[in-house]
Structure formats: structure tokens, C-alpha cells
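Alright, two takes on the same chain below, each alone as C-alpha cells: structure 1 and structure 2.
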Structure 1
Amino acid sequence: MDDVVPLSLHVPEPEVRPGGTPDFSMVAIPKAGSVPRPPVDVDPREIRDLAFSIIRVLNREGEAVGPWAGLLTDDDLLEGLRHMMTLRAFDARMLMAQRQGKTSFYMQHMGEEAVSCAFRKALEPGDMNFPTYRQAGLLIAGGYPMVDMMNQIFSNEADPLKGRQLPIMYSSKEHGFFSISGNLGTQFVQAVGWAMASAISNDTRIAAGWIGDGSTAESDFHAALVFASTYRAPVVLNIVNNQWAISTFQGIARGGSGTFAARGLGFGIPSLRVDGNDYLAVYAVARWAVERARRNLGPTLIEYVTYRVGAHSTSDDPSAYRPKDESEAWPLGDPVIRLKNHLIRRGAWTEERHRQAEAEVMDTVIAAQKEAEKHGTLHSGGKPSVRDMFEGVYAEMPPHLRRQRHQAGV
């Protein structure tokens, strides 16, 4: 028994700690345009390798290359650029508003704008997203009023959700944006259930579920994949791998599978990885998966490889768990700059026009903020009515709630 080796527990460690030199050498990045585009009705067993690669369209020179390119016009791309710029300006103003005490909480999207803005362009009216708190681009790209978003953030008298949700947890049935849950794993299984109901009803609408890399460790993630694969639900299942689950690096939740997309292979689900900072690639993969769902070919799992540039939220200090300059070393760049450079290369845009657009976008966001603040902010102005607490739950208010409302004098 002397030669028995004691057991030891393996705990994954990030490549570098605060104060160290950022290292993304473990992120294998294939050449843009090198990953094939399979037919939409492909047998998932034939494309298992796509779960371990990264689909890219934009190369280092700003050119769109390969089989996934050529799906968007210059006008489409200019609109997409403006959506991302608007989301970034919106973030900047709301982050400042939180620091000024106008709202209690905010979460920004810096570096991840292409994921939600490009995906939204692949959907049709009536499709339903089950998002996390970092997909506000679905609303902005879908035409949802920024004033309404700000009213919700400020929890003022015009808050469309009547103060019932944490700031940034929006909801709009008309814009295909299901109520956000802070417990992110719930959204995945709900998206599958909604998609199954759409299929049972012989409808034409599909669903899209969203989850972060960290929350894939939740049991709801796996339950969603079981039901989606078994019933071939018309759903696109999106994993946003931004490298950090609050302060926990993505290697903890990823486990030994190598990639998050690889999780889908055991369920027989087509699983792809895409450059989440490449607007054209995100749209192309989203369109492929959406078409697959709409043609009754079942679910698709997509991993967006991106990077969370800012803090997890206004309650977080990322310098406590990663190098301060790590975002600058991220090898897939900035989604706004990459799309801008592509449009300039095509002759559809200029640096001067971009600077003008930045100013125009910021003016629009500031105007929306001024309008929202007329209805109040966290500590000043109008608030939702106490009466709202009793409304919107039952079709017919039960006697005990009528009594409570009467006792409250509302």
C-alpha cells in the first residue's frame, strides 16, 4: 500500500491574475473565411467540427471573405453600425446616470454589441427572445423607444413595468423581448417551452434563448437541451461566452468539453461557434440557425466568442480578478471599429462621417434621457403609483386584494 498515490482535486485556474500580462494564446482563431458554410438541412453529425472552430467573415484588413459573407447590403451594415453605436452611447449615459444616483443599478454591453444587434436583424416580427441582461441591443435594433428603456431604468412614473423589475430588466411582448430573469438559466428552458407551444399551435414564430457562459453550469441549461433535441423545438439557443461569469473565468463552467458549443453535440444538436465581435459573421450564423428552426429542422446551439470589456455591473470591480489592460489584448477586437473599418474599405463610410454619427447618436440619446427624466429618477420626481402593485396580475381582482387596496387608500 506504500505506492498508493493520494487523490487530488483539479481546480481550473485563469491564465493570468491581476498585475500579470494578458494571455489569450489559448483562443485558437482560424483564418477569416476558412470555415465552410454547410447546407441548412445538414445532418448534425457531419458538422461536429464547427463546435470547435470559430466562424469569421471580417479579416484583419476589414474585408468580408468566405462562404458566410455577402448576405447584407451596405445600407444594412450602416444601419447595424448605427444600432451598435446607439447601444454604446446609451450605455455611457446610463452608467453616468447610475454614478449620479439617478438609478440604483446598471449593466453595460461594451464589446458585445454585435451579438444582440446583428442577431435581431435575422428575426421576424412575432419571434420571441428570452434574453439575459446584456441583450438590450435586441430592443434598440428592433425599434423599441429608448425613452421607455430609460423610464424603466429610473423606475419613474412612466416606467412601463411599474417599478416591478430591477433596472435594465426590460420586457416587451410587442418587440419579442420576454421578461428578463436575474436567474439566467431559467430563460433557456422557457425559450424551449415557448417554441414547443408555437409548434403545437402550428404557428410560424420561433424562439431564441440566451444564456451566459457561467450559467451553462445550471441544470436548466441541460434540461433545455434535452427537450429541444427530443422534440426538435423551433428554437435558437445562444451562449454568450464573454470570458467572465462575474469574477469567475469561463473555464470553471466550461468544464472539460473544450468549448461551450461542444455541449450540444451529445444531444445531437447542430452546434457552431462564431466570432461574436464580427457583425457580419453573427448575422450569417443567426440567419442559418433561424432558417433551420423555421423549416422545422430543429434547434441550433450557437456560442458567441466575445469579451466583456466593462465591469459585470455597477456593483463590480474587475480589477480585483483580471489585469486592467486585458480587454486591450483581446484578439478579436472591437465590434464597432471592425464594422466601421469594413464600411470605409468598401467606400460606404469615412472617418469624418463616423465622428459626425457619434455626435448625432449621442445627441439623440441625451434627448431621450432628458425626456425620461421629466418623469422622474430614482430619488426625485414621479414614481409608479402604489395602486399599480395590485394591477396586472389577475384578470379579475380577488376579494383579498380589493380589501388590501382599499386599506392602502389607493
Structure 2
Amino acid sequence: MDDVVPLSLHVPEPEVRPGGTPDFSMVAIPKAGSVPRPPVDVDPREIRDLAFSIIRVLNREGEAVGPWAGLLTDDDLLEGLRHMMTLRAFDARMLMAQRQGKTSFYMQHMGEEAVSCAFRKALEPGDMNFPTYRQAGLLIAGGYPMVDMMNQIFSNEADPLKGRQLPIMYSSKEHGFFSISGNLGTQFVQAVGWAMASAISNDTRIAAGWIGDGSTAESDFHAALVFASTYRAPVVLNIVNNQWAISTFQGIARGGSGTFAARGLGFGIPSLRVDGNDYLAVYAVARWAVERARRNLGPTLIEYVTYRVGAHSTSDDPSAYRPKDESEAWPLGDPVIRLKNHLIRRGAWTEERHRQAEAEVMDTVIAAQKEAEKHGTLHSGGKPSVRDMFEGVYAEMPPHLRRQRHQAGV
């Protein structure tokens, strides 16, 4: 071969960087209502298109249209709106609390509220989520007390986790929320194991795994898909594609794959993409997948197409890697505003009632915060005991830990 040229490495780059004009022209968005709704026992080979399209219900006019619409009543939707507004208000207060030094760290959900709030509504008591750090909506929509969430964030004396976990890494078995890990992706395959155990035990409960677009690069993601596919585990595998893994755009983890959902196709897993900013669409797809799992039809992979409006965490500055106004250009809009507009269109809501509700929700969150702060914040007030630090490493404290606790003088 005489025509050999030196090789060069392809490194994917986002469309724009800070200073540029936000550009989402590469995000192909089908019309609301245009994607068909297959029966839950569909042969996965017949719905391969759903891994490349986006299921949407709410159109630009705020109407619910198409085959995925019509599943929720006014009351359901008003409840969903309140959940999302509560999560947003909770975020605002906790972000401020972090800035005030009341905790070390916080991660907000701005722009992604519909994903976890609507998904939770499709589950039954006893089902188990294996969440990441951006699904607090599962707790809010599941009725977990906000005061307990705040106690966890403040690592105070009433922290259900005794000050052992980073803020926002909640855990509640009772509310179907598995203990969050900071090691990315590990929970995805554990969700499959939980679901397999439910099937082994001839139970009726199902599991849901959660992972971000960036973490799909972890081996745990692939292990989860192969085990879920092999044993047809009753699990819903959720990928939240919020476009950014801290500063790394989703194209780095996605590589040459068409979409994240398309990764499920090679495993024979029904794989769908959904408008993650559309409460009705998220609920409809979640319910479809949950029903499949419950009817022993096996796993479903769902990619939520959404956008992380806020920073990755309180330690992150997104203006360093993306245009400041990029979130405003996001073509799928704001999930709270979209649901609000839909409810107004339905005649079930008004701008005035929305303003009132915003104030009420904020009052509730502030009241919870006051209650939590009575138990202390990270640097002031009550703290979990140092003695407790040595408890719970094992079911029974072994002799070497007893010695160390003694050395620590507690």
C-alpha cells in the first residue's frame, strides 16, 4: 500500500461552546402525538423505530394529543404539577442553604422534574428504584417527608443516615428508594438483580434502574443490559439523557451510536425515547414499561431526552463549558410550564392559581426547612454522635472496631 496516510483520532465536540449561539438543530423532534403506541406484549423487533424517535404528548399549544395521551385525570395532573413545583422550590431553598454554608453540597433537578415525578406515579408500593443523585422527585412524588430529606442534607442529629452520606444521597427502603452511591452506574445492575430476585421469589414487585447519559459508558450499564436481557428481568432501565455529564457533552459517551436507547436493541430489549420534559409522555411510557415488567414480559429501556438547566452540582460552573443561554434554547421547553399550560388549556388551572400555588409550595418547603434546622445544620446545632460512626459497618461490631471506638474515646 503506497497510499497510507497517518491515522488521526476523532474526538467528538458539541455544536457550540461558551460565547457561541446555542444550537439544538441536531435534536430531531417529532410532532407530539406522532409516535405510535404498541401493545405491551409487542415483539421488540417491531418497535426498533422507537429507539430513534421521541414519544411526545403535549404539543406547542398545550394540548395532549396522540395515542399516548388520555391516561391521567385533572386531579392526577394537578398532583403531578404540585410535585414538580415542590421539587423546584425544594431545590431553590437547598441551593440557598448550601450557599449559606448550612450544608457542603447540593445537586438540583431544574429542567428534569418531570422525569422522576411522573415515573414515580407509574409505580406501585413495594416496587424499588435504584436511583442516581438526580431523582429526588421519586421521593417527593412518593410522599417521603421533606424534613427527612433536609435532615439528610444537613447531616444533622435527625439525619436518617446518621451523617454518613454526602448530602442528597438519600435512602428509603419504605419509599422504594435504594441507597445512592457516588460510584456511577453501580446501581443499574443492582436493579436488575433486585428484579431477578423478585422473579425468583414469584413476587409481583418490580425494580427500576436509573443512570445518566454519561454513566452509560460504565461497564455496569452493559452488565445490566446483558443480565436483564438474558433472564428477562422485571425491570425498567431508565437513562436520563440531560445532555451533560458535568462538562462533558452527551456525544462523548454516546459515540457513534444513534441514540442511547438504541443500545438496548442489540440485547433485544424494547427501547423507547421519550420527551423528558413532558409529564404526560413520561408517565405514559413509564406505565407501558412498568406494565410489561409486571406482566412478566421482561425489561424495557427508556431514554428520557431532557436538559440539565442548572449546574451539575454546587461545585460546578456550567458557563465554563456551554453557552449561558443554552437552556433557554432547549427545544423541549420547561416541564413545569408545559404542564401548567396544559392544565390551563384543560380548564383545570389558571395563572392566578398557579401563582398562589407557587407561594403555598414555597411556604411548605420553608416550614419544612425550619423544622429540619431545629435539628441542626452541617456546621451548627445537633450532630449525629461520633459513637454512631463505628456502628453499622457490620451487623455486629467486631473486636477491632470496638478497640478503635475505645481509642477514639467514645
Partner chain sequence: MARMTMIEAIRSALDISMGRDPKVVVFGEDVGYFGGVFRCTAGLQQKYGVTRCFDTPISELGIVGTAIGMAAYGLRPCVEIQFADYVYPAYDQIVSEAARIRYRSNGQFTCPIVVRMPTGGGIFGGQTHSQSPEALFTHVCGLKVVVPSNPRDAKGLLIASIEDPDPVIFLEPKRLYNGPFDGHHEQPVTPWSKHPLGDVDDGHFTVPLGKAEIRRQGSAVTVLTYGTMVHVAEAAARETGIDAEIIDLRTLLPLDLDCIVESVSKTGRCVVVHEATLTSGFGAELAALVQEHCFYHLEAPIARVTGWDTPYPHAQEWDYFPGPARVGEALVRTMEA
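Here the structure is a predicted model, which means the values were calculated and not measured. Structure 1's sequence is the ruler for residue numbers, which start at 1. Heads up, when I say rigid core I mean the largest set of C-alphas that superpose within 1.5 Å between the two forms.
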Of structures 1 and 2, the one that is the form predicted on its own: 1
Did D23 shift 2 Å or more between structures 1 and 2, C-alpha, core superposed: no
Did E13 shift 2 Å or more between structures 1 and 2, C-alpha, core superposed: no
Angstrom shift of the Cα atom of E396 between structures 1 and 2 (superposition on rigid core): 3.5
